[in-house]
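Encoded as structure tokens, the following chain is the form predicted on its own, with no partner shown.
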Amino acid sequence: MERRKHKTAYVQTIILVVFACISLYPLLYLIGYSLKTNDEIFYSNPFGLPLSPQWINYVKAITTFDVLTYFKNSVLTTVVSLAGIFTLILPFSYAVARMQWKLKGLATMFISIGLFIPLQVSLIPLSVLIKNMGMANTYGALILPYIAFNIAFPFMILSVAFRALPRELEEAAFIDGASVYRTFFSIMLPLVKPAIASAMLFAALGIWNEYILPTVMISSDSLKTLPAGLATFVGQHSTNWGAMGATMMMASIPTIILYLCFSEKIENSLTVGGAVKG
């Protein structure tokens, strides 16, 4: 029996190691890609390690293609959009999960429908609306749609987390004289931190990597975000693929840091009772 357990653990370890290698390979390939010349990438050494690392690709990405401006725009739109999303969705999720009020079901359905409407379907009316509002070619043309299209999924995560909390916590707070707002900010919000971290990470990844909106809504290079800015690397006669790889590598760093910072809270939020344990 003991021998069978060791054998099972050995097989599981091998499977996990293989899965980890498969998961890490795209990142390792991108690092190698960013340090190669065009000839190495496509002909002489597409899958091997860089023969002579081209660190100059990172310098070209920053100096020639103005990556820092694209990076700043991505950070700005992502941070402001996240602030807007969670300012709206945290009290709404709490009200839906813990309170009884008229039209609650209709409001929940209205928000949840957002999960099933792809951005591409609404792109033309959205473009007309943004133009009529006088917001074309501004940060608002990105931030407002990002808030609207990224509310549904965090709402699902947070409403489930609030619903899982024991009702006795609120009752004890009310007996002690706490108001609804004090109960919400001081007791309920700290208990759903793992769910907030998880929802924030998914929303941030969706906004950070989004390509269509900045391509359609923004024409000025000084307002483009990183995904749209990558198109400027493609020249009419030649393309610096190594510098493009360096830009993609730099664009990946914030998302990797975010995951490393919040991975434990995300795992907690995905387990039964994790919202209460924190």
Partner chain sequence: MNKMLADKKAIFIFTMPCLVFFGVIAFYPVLQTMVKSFYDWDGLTTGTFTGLDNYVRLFQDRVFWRSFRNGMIVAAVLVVLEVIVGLFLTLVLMNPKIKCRKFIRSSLFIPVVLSVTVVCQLWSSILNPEIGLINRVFEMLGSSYRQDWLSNKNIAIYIIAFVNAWQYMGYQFVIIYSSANSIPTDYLEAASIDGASRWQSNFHILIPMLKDTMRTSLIFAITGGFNIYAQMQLLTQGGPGTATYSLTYMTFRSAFKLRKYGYGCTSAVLLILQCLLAIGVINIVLGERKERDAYGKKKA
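Superpose the two forms; the largest set of C-alphas matching within 1.5 Å is the rigid core. Positions refer to the first chain, counted from 1. All figures in this text were calculated on a predicted structure; none of them were measured in a lab.
Omitted here: the form predicted together with its partner chain. The next part is about that form.
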inquiry  = Give me the residue from Val128, Ile187, Ala83, Leu76 that has a heavy atom within 4.5 Å of its partner chain in the model of the complex.
reply    = Val128
remark   = In this chain shown alone, the residue from Leu88, Ala136, Leu191, Ala164 with a heavy atom within 4.5 Å of its partner chain in the model of the complex is Leu88
query = Using 4.5 Å between non-hydrogen atoms, is Trp55 touching its partner chain in the model of the complex?
reply = no
ask   = Given that the partner is absent here, does Phe71 sit within 4.5 Å of its partner chain in the model of the complex, heavy atoms only?
value = no
ask   = Heavy atom to heavy atom, is Ala195 within 4.5 Å of its partner chain in the model of the complex?
value = no
key: Proximity of Phe65 to its partner chain in the model of the complex, heavy atoms at 4.5 Å   = no
task = Heavy atoms within 4.5 Å of its partner chain in the model of the complex is the criterion; list the residues of 91-117 that meet it.
result = Pro91, Phe92, Tyr94, Ala95, Arg98, Met99, Gln100, Trp101, Ala107, Thr108, Phe110, Ile111, Ser112, Ile113, Gly114, Leu115, Phe116, Ile117
task = Answer yes if the Cα of Ser252 shifts by 2 angstroms or more between the shown form and the other one on a rigid-core superposition, and no otherwise.
result = yes
key: Residue shift check between the shown form and the other one, rigid core fit, Thr69 Cα at least 2 Å   = no
key: Core-aligned C-alpha movement of Asn38 between the shown form and the other one, 2 Å or more   = yes
